[in-house]
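Here we start with a single chain on its own, the form predicted on its own, put down as structure tokens.
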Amino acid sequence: MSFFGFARDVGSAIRRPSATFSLGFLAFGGFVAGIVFWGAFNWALELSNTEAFCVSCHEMRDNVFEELKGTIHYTNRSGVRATCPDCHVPHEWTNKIARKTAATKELWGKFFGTISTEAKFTAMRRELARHEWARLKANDSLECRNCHDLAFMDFTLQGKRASEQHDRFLASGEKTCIDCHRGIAHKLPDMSGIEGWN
């Protein structure tokens, strides 16, 4: 039997009324199946939104995660720590789904070994950073705002330069967090010879 013949038979079976099950049973079964599917989908989404998942591949664990360990986002006096998803995945559901969908292209890099060694990672570092900075710039540093909200910043407790910069650029919307805070959680790539990179 050809694929088209099989597809036609399946389509006709789907359209034909059930001789065995009632409409109520089928509707209830569909409802239960929908709940199970939604639960499994949400479970998989949240499982892939953990630091353990992010560092499960050696490319992340051996490179950027090691850098994060030396920053204030990892160890600080208050004990509050940012994990990979805190900085790279928005918290709101629709934005999270959009980011997760876009991130599936990163799987190609894993499959083809784009950054499988430290040398390959170092060679790609500038391009990877520029993509991430552009993404954060485009979404107004949404992930930064998961934790850092301008409405709750007390400029009087900040240093003079920081309070002036935050008041001038953030409050006016002229700039966003990533414009000034590149390299805060990971080393900056070598940007020598690149005009206007900042």
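No experiment lies behind these values; they were computed from the predicted model shown. Don't overthink the numbering: it's just position in the shown sequence, from 1.
We do not show the form predicted together with a small molecule, though everything after this point is about it.
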With the cut-off set at 4.5 Å between non-hydrogen atoms, does residue 123 touch the small molecule in the predicted complex? no
Is residue 147 close enough to touch the small molecule in the predicted complex, meaning at least one heavy atom pair within 4.5 Å? yes
Please determine whether residue 83 contacts the small molecule in the predicted complex, using a 4.5 Å cut-off between heavy atoms. yes
Using a 4.5 angstroms cut-off on non-hydrogen atoms, would residue 159 count as touching the small molecule in the predicted complex? yes
